[in-house]
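Okay, here we've got a single chain as structure tokens, the form predicted on its own, with questions on binding and movement later.
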């Protein structure tokens, strides 16, 4: 057989199609039991991403993908789905000509094997010119199938990829989903598609709101969907506002009117959180305005808000003075019921809750907070780390030590007291009922017991920040106890080898470290974190907790620096290379987060300036020479200078050395960098006129010492060799 003829035919993304292919709307609805509100937003986002992958992989064009839903249904709506997938023409490259044919031009086993693997005969293969030479190719053509056929076979595969943080199995299919699936509807245009997923066969029937009834019909209402494009309108007729944006707008409008009717405003503290919960918790929102007895207003405001929020999801109302009104707004899922009856029912439930809270509040106050500390021995902090009583003893000792270390001797006793009482409210009935009130109730009960105001405030503030954007403690004792509490948690778990790995952090150590970084960087605290964690390890060792390995503090500092990088990147827009440059020169026994961030900001302000870019070329050259020669001497003898450029560079160094020393001592890093910029022309002239590796060893060593001294001067603020720049790629 003669070799196939050489061809230059190009690959076409799709074959030409005759006529216009129709575009159709697609609807996929997965009906479930009530899915938790916290899972729904992510589920709809993931469904959209999976759908994009589905249409891309299946070569189906479309105009727009949209996902909507409620707690009882996830819906995928796709506009403009082409009724037929794109045909595919591919050119597969095989072995080179030299391996495909022998000397006589007959196909080798390599050519025959390639043809067989592609499902074609050897005669159908062609040769193609490539940058590497002639290669054997096989041209394959795959005709596009109908969208109906493609979707019927592919949809179940992609739906199975929908993953939930909490999922369950409920039937023999062993499918995992957030909640059991009760029906599936798949409509392409006007046509019902039958797919099998989670043990169910899809149809064209959907179910309406649980409490919606069509006149003359009994039981739950269902309807056959006649057209995918009419889905939202059809669901409205069945009492379901399936579009979350529409539900949100409706809820916002309703609560605004009711707040005005109640002569108040929605309390802003949890407003958005509760609206979000309502949006995903109901299928047809109906807000009601209720009241509770004024006698309950004697309870602390956080108690009232928590009673309404955590158990019922009620919105609180406040007056012009910011004080709570004896009123609430509830978002119900029953717009067709007896509103007065529903309101009275919610009022009765809330009244019972508030009576419980009132009972706990009065009973808790019968025992002073300091007497509750002993009961912390019955609460395990962690089975490897002892009791909560041991934890508060560590926190109080470290907080008091920090105050003395910072020269704030006047608050040392306050920190010690606040640390001791910081967790005592965990033994109260109120916190047992409302865990979110930890610290809040401790502050309230401490004030009732007559503790100093600074101690009360520190107890309440030491949990701050609870989340990334939360407020910080405002009092000095509060700041120190908050730092001590986080330091204890981090050091304790690290000391027993329980270090966060991957993306999981069940112990909340990344959150604790991030909170610590925020506190010390956004306040006036100038803490040496290395020293602080070393002290914490000593306290743990004294208690007999942990292993106290010397490398523990080093591991902790690596963890803290990682959180510092995250903080700098997300809140300050700092570049990774800039942060790395500063962190690399951090002295081993020191970690002042505020100082590190100041250096980073100063360096980043210079990056990109023309003078700085030019300077980095010379600096990196000097740095690499010093590294290559492994030179560590800095003693320079001016009498050995052979060229004026050496003298000039040394003069610039001596002047900058004084300025850098003063700038680092005072934290004037902008001034330090300004001084370093004076090296630009001198270092350029040096490398242009002088050979560092001079044949005479004394001259060579003197020049290496000069470059080493300059290198170390720059390292006072950052390792500039880390800075990425197009103009600093010097060999």
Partner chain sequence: MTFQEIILSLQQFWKSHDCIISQPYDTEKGAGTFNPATFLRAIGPEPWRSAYIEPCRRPTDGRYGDNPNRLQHYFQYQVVLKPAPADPQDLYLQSLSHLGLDPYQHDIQFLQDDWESPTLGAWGLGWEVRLDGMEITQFTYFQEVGSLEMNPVTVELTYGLERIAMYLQEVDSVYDLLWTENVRYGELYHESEVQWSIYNFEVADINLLQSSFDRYEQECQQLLEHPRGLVLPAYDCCMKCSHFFNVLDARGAISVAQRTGYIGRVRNLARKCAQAYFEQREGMGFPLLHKKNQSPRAKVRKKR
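Numbering follows the first chain given and starts at 1. Everything numeric here is computed off the predicted structure, so don't read it as measured data.
Keep in mind that the form predicted in complex with the partner chain is missing from the display, and what follows is about it.
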property	result
One stretch from 595-603, 334-342, 244-252, 524-532 that, in the model of the complex, holds residues within 4.5 Å of the partner chain by heavy atom	334-342
Heavy atom within 4.5 Å of the partner chain in the model of the complex - residue from 180, 189, 144, 156	180
Contact residue in the model of the complex, chosen from 466, 169, 655, 542 - any heavy atom within 4.5 Å of the partner chain	169
Touches the partner chain in the model of the complex: residue 511 (any heavy atom, 4.5 Å)	no
Residue contact check: residue 349 to the partner chain in the model of the complex, 4.5 Å heavy atom	yes
Residue 152 within 4.5 Å of the partner chain in the model of the complex, heavy atoms	no
Touches the partner chain in the model of the complex: residue 671 (any heavy atom, 4.5 Å)	no
Heavy atom within 4.5 Å of the partner chain in the model of the complex - qualifying residues of 197-213	210, 211, 212, 213
